[in-house]
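First, one chain by itself: the form predicted alone, in structure tokens.
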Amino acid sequence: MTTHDAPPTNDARTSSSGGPDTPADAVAAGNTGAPLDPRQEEQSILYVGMDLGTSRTAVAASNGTREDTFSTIGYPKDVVSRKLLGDGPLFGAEAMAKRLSLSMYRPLEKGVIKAGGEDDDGNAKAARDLVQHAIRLAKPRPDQLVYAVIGTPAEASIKNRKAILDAAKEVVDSVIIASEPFAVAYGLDILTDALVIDIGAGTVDLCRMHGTMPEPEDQITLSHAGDAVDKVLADLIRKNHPELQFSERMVSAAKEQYATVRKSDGNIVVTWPVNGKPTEVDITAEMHEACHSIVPPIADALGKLVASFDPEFQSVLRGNVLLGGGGSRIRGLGDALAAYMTEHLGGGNVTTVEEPVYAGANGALKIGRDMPAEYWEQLA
């Protein structure tokens, strides 16, 4: 496997220098050949942008395909489950629906492949299968090369990036690893005077855009993200309603459906069992508190990125905050973040992207398609 840095271009959106710590590192596996004729490129190469997330994985491809799936994989447990379900694996919603018959994996943690635990081999295999499934969702033709740009947390380590590359190398012909918030910004052509926030399940990633490729000091990764909100919500419900019986999945599903920080959205009532009997319980206060718990750490990180920037441009950054990722679907979150910034940072304006699920994948696809033709190497 040979590693290449992005070549310099006249476009400030493309890296002009750097090693493995730059926001976009390209890795190609195999024997290199001559660059493709640009006239053949569109038919011969399928470009895939992939947002490989802890909770969800989304892909956008140059053939117009856009798909997303839960980043969850299940393998049949025994001979009975294999007879019922086949050899597997099963993915996404289908895996979760049949999880009692499966050994379940959620191989990504805080946006990177799990490592250092008891089942590293299982997580590595599940990650490979997930990436392969995501590429299949993009519907490549058998005669096409697959060039993929994969989004990762802004501060993903070299080791974590290599794990993702190892997962991808069996099904793609060339790979670029890109910072998730940078991919969001690139896809929307917001390349300067902006602070981009990508809220996922495992991480919240912030990136300061100022007309060049962002450096490490322009980016911050936080661990208090969607999964942390789920935990806060579960702890609050357990404390205030000890009689309730619920699972982590039930809490996550309730958040997916009702997540809000707005008091005007009405009461949130779930029907969960108490001693086996379905019972209606109001969890409005718990939902508001859990969802709002994400605001202070994000605002504090924004403050650090603003305070360390050129003083003449700090107010411009505060006034142009872009909110993306699945967590941006929490109703009222943008207004709550702007209010917190006004109180603690002296002002702020927050805009939420229109397509939070696909914003990262769309941007990753655009990065791939904008790379010079000679950079994408044909692989034998």
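Residue indices: 1-based, along the sequence shown. This structure is a prediction, so every number in the text was calculated from the model and none was measured.
Just so it is clear, the following notes concern the form predicted in complex with a small molecule, a form of the same protein that is not shown.
**Q** Any chance all of 139, 174 and 368 sit within 4.5 Å of the small molecule in the predicted bound form, going by non-hydrogen atoms?
**A** None of them does, since no heavy atom lies within 4.5 Å of the partner.
**Q** Name the stretch, out of 235 to 243, 142 to 150, 221 to 229, 264 to 272, where some heavy atom lies within 4.5 Å of the small molecule in the predicted bound form.
**A** Only one stretch passes the 4.5 Å heavy-atom test: 221 to 229.
**Q** The small molecule isn't shown here, but in the predicted bound form which of 209, 90, 167, 201 has a heavy atom within 4.5 Å of it?
**A** Flagged contact: 201.
**Q** With the small molecule left out of view, choose which of 135, 102, 259, 127 has a non-hydrogen atom within 4.5 angstroms of it in the predicted bound form.
**A** Flagged contact: 259.
**Q** In the predicted bound form, does residue 348 have a heavy atom within 4.5 Å of the small molecule?
**A** Looking in the predicted bound form, residue contacts with the small molecule do not include residue 348, since no heavy atom lies within 4.5 Å.
**Q** How about residue 161: is it within 4.5 Å of the small molecule in the predicted bound form, going by heavy atoms?
**A** Contact with the small molecule, no.
**Q** Is there a heavy atom of residue 53 no more than 4.5 Å from a heavy atom of the small molecule in the predicted bound form?
**A** Heavy-atom contact with the small molecule at 4.5 Å: present for residue 53.
**Q** Quick one: is residue 59 in contact with the small molecule in the predicted bound form, heavy atoms, 4.5 Å cut-off?
**A** Residue 59: no contact with the small molecule in the predicted bound form.
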